[in-house]
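The chain below stands alone and is given as structure tokens, in the form predicted on its own.
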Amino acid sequence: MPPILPDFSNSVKLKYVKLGYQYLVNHFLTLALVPIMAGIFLEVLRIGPEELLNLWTSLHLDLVQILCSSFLIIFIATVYFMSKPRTIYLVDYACYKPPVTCRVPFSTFMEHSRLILSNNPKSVEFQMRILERSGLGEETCLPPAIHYIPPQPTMEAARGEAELVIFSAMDSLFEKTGLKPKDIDILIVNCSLFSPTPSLSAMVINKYKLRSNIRSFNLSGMGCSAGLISIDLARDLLQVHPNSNAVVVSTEIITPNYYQGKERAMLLPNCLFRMGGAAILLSNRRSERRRAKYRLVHVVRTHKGADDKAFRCVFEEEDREGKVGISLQKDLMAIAGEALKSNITTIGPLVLPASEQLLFLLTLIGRKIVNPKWKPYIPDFKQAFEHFCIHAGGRAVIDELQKNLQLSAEHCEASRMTLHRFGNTSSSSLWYELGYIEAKGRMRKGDRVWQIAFGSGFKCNSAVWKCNRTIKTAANDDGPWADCIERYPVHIPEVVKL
């Protein structure tokens, strides 16, 4: 029997219906105010200038009333501007580019694994399977101490790696911004697994002879999301210290944390983590507004540490032989998903347009009242952001977020290419991804960027930035992508046979 009604799904392009709905809801106030303003304008034209003048003279305002009204307006405006949060600008940033001599092709990595784990071929085979599916490329880098057979994770070697990575990133930042060391008011260094005495922040102060009254902080043990925690700390400090510059250094020192045991859960980080670091200049000075690249809009932090499983899913401990390593549990992705859900529940109302919030609310009410089996509505975050920087923790992390947030391959391109070229550089990976987008010439004035990071504890943190100006890569740019951006994006197969 032929259908009584025509199949509207074939005759009407639903995409345009959705676009019309979004425009109507997002511009509801504007569309409502237009006829009201038009009515007022027509009424003014009807009354005429003489009646308007008579109406003004009939008010009989004396000098005291005018002065009181003016004072009230000035007082309200003063309170508003004084209570308004200071704007935080990201002036510029620099990422460390490891030398060619530190590169670890797959063949080199596997040869070292066979020699180091010669008595345990199953562990070697496990690392090979992980590497084949990791999404990493042939140009990722490990510090010099790891190139020895066996590795030499000494304190001296670890300090040497920290100095190489941090000082190189700082020098690049000084060169790009023209910042002088004495102009730094706040210094924050985050490194999760290497926390020497004196601290890494003290090492930077000593190297560049920073001021004695500098406010310095050293964050450790906070995992791959520590970079955004540092940004949040810098934001809070810049709110209470006017006319200040803050430098944030994000890195992870690999040398003392290369696991040489047999536990599979602890061998996994060896296959993913690589050298990297970034230095970021933030400022609340109005004079930096013109040249700053971005403006910080939101930082949202979610901590699931109250749950025992979440707390232990990324855990530093000793194996049966007394060798220290980072253990990654099998339920890591499920816990990350729960943390992400909590995070986007908080950040959604801050960034999503009214059309998406209304659909989410209606679906939620429908599930509560009409049918609990209704599929929950996943907000379209592509309506809120032009660019996504997902922590390059591994292929599984990026795949999961792309699926849950319904992102396209292009939205995840920066994360996948960063993982391929540099590996998991921990908290600094977000800045390599941002550098990729800029190097591709895709960043335009007004574009919004969402940085998402996960870390031990378990944490999911987000930062939202708005581009302050169209960013064009200079011809003499020597950033981490300068010599290879033309080759990217590359095809990354599901499995690379070794």
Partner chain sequence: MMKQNKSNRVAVRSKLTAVSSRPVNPGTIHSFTGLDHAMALHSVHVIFYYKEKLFSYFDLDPFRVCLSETLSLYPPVTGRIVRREVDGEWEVKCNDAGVRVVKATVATTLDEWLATADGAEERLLTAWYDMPHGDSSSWSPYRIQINEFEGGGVAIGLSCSHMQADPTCVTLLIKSWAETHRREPVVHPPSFDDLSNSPLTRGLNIHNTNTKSSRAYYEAKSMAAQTSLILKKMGTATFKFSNEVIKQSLLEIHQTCSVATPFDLLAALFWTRIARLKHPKSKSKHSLSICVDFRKKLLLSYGYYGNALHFSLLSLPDVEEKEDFRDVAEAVHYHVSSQGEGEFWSALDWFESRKEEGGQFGAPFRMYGPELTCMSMEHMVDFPGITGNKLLMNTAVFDKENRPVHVSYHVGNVEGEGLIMVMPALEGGLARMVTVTLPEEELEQLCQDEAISSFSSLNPIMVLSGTRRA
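Values in this document were obtained by computation on a predicted structure and should not be read as measured data. Numbering follows the first chain given and starts at 1.
Keep in mind that the form predicted in complex with the partner chain is missing from the display, and what follows is about it.
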Subject >> 4.5 Å heavy atom contact, L115 to the partner chain in the model of the complex >> reply: yes
Original post:
Quick one: does V240 come within 4.5 Å of the partner chain in the model of the complex, counting heavy atoms only?
Top reply: no
Subject >> Residue contact check: N371 to the partner chain in the model of the complex, 4.5 Å heavy atom >> reply: no
Subject >> Contact test in the model of the complex: P256 vs the partner chain, heavy atoms, 4.5 Å >> reply: no
Original post:
Ok, P181, G348, P196, P144: which has a heavy atom sitting within 4.5 Å of the partner chain in the model of the complex?
Top reply: P144
Original post:
Considering N404, T108, Q383, T78, which brings a non-hydrogen atom within 4.5 Å of the partner chain in the model of the complex?
Top reply: T108
Original post:
Which among 209-217, 340-348, 307-315, 149-157 is in contact with the partner chain in the model of the complex, heavy atoms within 4.5 angstroms?
Top reply: 149-157
Original post:
Are all three of R103, E138 and L164 close to the partner chain in the model of the complex, meaning a heavy atom of each within 4.5 Å?
Top reply: yes
